[in-house]
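What follows is a single chain, given as C-alpha cells, in the form predicted alone.
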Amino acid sequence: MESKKEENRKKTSSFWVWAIASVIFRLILIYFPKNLNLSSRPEVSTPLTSLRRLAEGYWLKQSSMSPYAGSMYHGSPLLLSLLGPLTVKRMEGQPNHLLCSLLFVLADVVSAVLIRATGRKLQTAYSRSLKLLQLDSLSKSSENLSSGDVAALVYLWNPFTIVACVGLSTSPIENLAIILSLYGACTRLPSLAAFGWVVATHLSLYPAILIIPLIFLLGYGPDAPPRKLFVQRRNGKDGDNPSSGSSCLQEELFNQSKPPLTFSWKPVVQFLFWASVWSVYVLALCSLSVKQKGGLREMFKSTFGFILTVEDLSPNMGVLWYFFAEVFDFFRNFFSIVFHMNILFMIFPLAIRLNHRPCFLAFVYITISSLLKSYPSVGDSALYLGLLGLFVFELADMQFSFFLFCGYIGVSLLSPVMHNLWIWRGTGNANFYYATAMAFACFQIVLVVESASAMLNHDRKLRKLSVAKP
C-alpha cells in the first residue's frame, strides 16, 4: 500500500513538473518578438476566433455602434465584454494583448486539469467494470498507465494547443467550455455540465450535438464495456450454485458496484432544467449587451447565421471555403444545407452503436464537427487530440497510428508553406493551399474510422474474454 501511494505521489509530481514546464514554454513564446506573427495565420485565427476582430468589435461598441457593424466581428457579445477591456490595456515594455495571452494560458491549464480529473474518473469506473466481469488481468494493466495524465499532457504539449494559445485565438475559451461540460457529466454534476454545454453552444454552435453524449454520461455513467456483458454475467451468476460461498460473495460485490444496466432519468431531467435556466440567463445577458445595437435578432444573424451560411470565404483549414468560392450562388443554400446535414446524419447511428461509451462518442462528435465546420482552426484539432489520450488503453491496437502521426506533422509543415507560395510569393495558387486542407480532412476521417474500429474491436475482445470466463 505504501509503495502504491509513493508511486502515485511520484506520478502526480511528474505531471505538475511537465505542466509547469508547458506554462513556461508558452510564456517564452508570448514574449517572443511579435508573437511569431501567429495571430495572422489562417490556421490559427478564423473569423470567429480572431482576437483582432474581437478588438475591432469592442472598439465599435465603445463608439456607440453595433459590434456587428461591417463584417469584422461575429462572436458572442459576452466574450466581447469579457475580453474586450483586456485588448485595450497596454503595459509599457510588455507584449501587446499580454493580459489576453495570460488568460488563454490559464484556460489551457484549467482545461488540462479538468481533462486529467475526467480521465481519472473514467479509469476508475472502467477498472471497476472490468473487475465485475472478472477480467482482473486487463484491469491491472489499465491501472498501470494513467490515461488522465496522458491526455492532459498531450493537450498541454500539443503544438496545436500551444499555437492557438500564443496566436491570440479565442479557441482556448471554447475548448474550456466543452471540457467543463464533459467533466460535469462524468462527475454527475448536471448544473456544471449544463453550464459548460450552454456556453460552448453559445460560442460556436457546433457543440450543441454534444447533448447526446452528455445525456448518456448522466444517465448511464462513464464509459464501460457493453451492457450486454453485465447482463450475461448476472444471468450466469443466477445459474450458479447458491450454496457456493464464492458465488454469493461475487453476487454481493456485483450488486453493490451497480453496473450501468439501467438508465437514470433524474440527473438527465436536472441537466435539461439547468440547461434551460442557463440558456435564459445567457440570452438575457446578451439582450442587455446588444439592446441598443440591433437586439438578439442581429446577434443571431451575425453569429449563428454567419456560421451556417459560410459568408466569409477567407482561406482556412476547412474544406468549405474553396467549394463555396467556386459554386454558383443559385446552389449556395442547397450545398450549405447538405454540408451541415452531414453532421446531423452521423449523430444517431453513432449514438446507437456507442451509447455505452459516451465520452468516446463525444470525442467522435467533436472530430466530425471539426472536419465539417465552417471555420475550423488548429484549436479544434487540439481539443479532440487531447481527448483521444483518454482512451490510450482501449485504442492501443489502433491501426495506422504512425501514418496519422506523420500525416498531421506533414500537413502542419506544408500548410504555411503552400499559403506563402500562394499569397506572398505568387508562385502558386489556391489549389496548393486547398490540397493541404483536403489532406488534413482525409487524415481526420481516417482517425475517426480507425479509432471507432479499434474501440469496437476492444469491445469484441472483452466479450470473448468474458464468455471464456467460467
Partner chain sequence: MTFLHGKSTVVVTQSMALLPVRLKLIVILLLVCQLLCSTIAFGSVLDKDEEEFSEELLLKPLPDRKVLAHFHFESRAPPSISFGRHHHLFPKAISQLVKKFRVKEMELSFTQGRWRYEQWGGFDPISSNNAKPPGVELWAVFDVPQSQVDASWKNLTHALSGLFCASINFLESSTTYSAPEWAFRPDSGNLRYGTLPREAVCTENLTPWLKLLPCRDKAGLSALMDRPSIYRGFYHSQRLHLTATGSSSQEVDSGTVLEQTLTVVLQPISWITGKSYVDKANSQPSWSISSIFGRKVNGKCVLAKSSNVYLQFEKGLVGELKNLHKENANSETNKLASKDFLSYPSFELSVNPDKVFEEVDNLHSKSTSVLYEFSVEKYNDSHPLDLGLTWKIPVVWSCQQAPLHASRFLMGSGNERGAIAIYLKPTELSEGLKKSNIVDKSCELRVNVFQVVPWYIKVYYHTLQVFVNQQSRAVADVMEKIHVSPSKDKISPGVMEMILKLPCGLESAALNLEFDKGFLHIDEYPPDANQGFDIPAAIISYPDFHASMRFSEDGSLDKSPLFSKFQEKSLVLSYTEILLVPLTTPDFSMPYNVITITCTVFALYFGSLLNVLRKRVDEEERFLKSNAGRKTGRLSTLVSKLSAKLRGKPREPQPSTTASSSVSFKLIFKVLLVSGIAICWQYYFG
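Numbering follows the first chain given and starts at 1. Because the structure is a prediction, the values reported are computed rather than measured.
Here the subject shifts to the form predicted in complex with the partner chain, a form of this protein not shown in this document.
- With the partner omitted from this view, the residue of I30, M418, L404, A441 that lies near the partner chain in the predicted complex is A441 [heavy atom within 4.5 Å].
- Though the partner chain is absent from this view, in the predicted complex it lies within 4.5 Å of a heavy atom of just one residue from L296, L99, V277, A325, which is A325.
- The partner chain in the predicted complex comes within 4.5 Å of no heavy atom belonging to L288.
- In the predicted complex, the partner chain stays beyond 4.5 Å of every heavy atom belonging to F304.
- In the predicted complex, the partner chain sits beyond 4.5 Å of every heavy atom of K61.
- The closest non-hydrogen atom of G219 lies beyond 4.5 Å of the partner chain in the predicted complex.
- In short, of 205 to 213, 104 to 112, 343 to 351, 152 to 160 it is 343 to 351 that has heavy atoms within 4.5 Å of the partner chain in the predicted complex.
- Taking the partner chain as it sits in the predicted complex, the stretch 102 to 131 never comes within 4.5 angstroms of it through any non-hydrogen atom.
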